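Next comes just one chain, in structure tokens: the form predicted alone.
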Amino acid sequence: MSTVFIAFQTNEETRPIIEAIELDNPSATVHQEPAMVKIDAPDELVIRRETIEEQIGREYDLQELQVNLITMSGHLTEDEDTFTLSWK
């Protein structure tokens, strides 16, 4: 099993995004740091546009993740609906 991760700046914009990631990835582990949040997941981490939209109450373009993204690890696969990190 390999671990993938993504890290975001800690701010009001990322809180609902992190909540959405936790909802869609129950095996993920969230590490809160003073200025960032790192989310680790075994094998795969999927970020779904629809879940983020439910959390923030508006339409969301997954490209908006880039604004607060610090770093990530894994192979990235993305389309309009999902942003997936994995080692597959």
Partner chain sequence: MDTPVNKKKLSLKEKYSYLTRDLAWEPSYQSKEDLFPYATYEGIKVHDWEKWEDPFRLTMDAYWKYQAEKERKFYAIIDAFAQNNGHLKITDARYLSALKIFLQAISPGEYAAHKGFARAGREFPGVGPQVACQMQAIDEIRHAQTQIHAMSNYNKFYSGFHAFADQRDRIWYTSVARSFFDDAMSAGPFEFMIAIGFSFEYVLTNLLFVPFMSGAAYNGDMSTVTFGFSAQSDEARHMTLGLECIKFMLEQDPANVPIVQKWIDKWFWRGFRVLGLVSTMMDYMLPKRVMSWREAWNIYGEENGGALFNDLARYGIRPPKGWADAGEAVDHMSHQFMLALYQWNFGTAFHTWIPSDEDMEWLSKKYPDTFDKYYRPRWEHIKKMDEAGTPFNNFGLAKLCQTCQLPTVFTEPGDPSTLCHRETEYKGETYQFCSDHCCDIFNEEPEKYIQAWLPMPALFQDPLNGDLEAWMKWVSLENGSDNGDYQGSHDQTSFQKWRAMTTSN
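Not measured: the values here are computed from a predicted model. Residue numbers count along the first chain shown, from 1.
If you look for the form predicted together with the partner chain, you will not find it shown, but the lines that follow are about it.
- Taking the partner from elsewhere, Gln63 is found to have a heavy atom lying within 4.5 Å of the partner chain in the predicted complex.
- Shown alone here, Arg15 lies farther than 4.5 Å from the partner chain in the predicted complex, counting heavy atoms only.
- In the predicted complex, none of the heavy atoms of Val46 sits within 4.5 Å of a heavy atom of the partner chain.
- With a 4.5 Å cutoff on heavy atoms, Met72 counts as touching the partner chain in the predicted complex.
- Taking the partner chain as it sits in the predicted complex, the stretch 71-88 comes within 4.5 angstroms of it through a non-hydrogen atom at Thr71, Met72, Ser73, Gly74, His75, Leu76, Glu78, Asp79, Glu80, Phe83, Trp87, Lys88.
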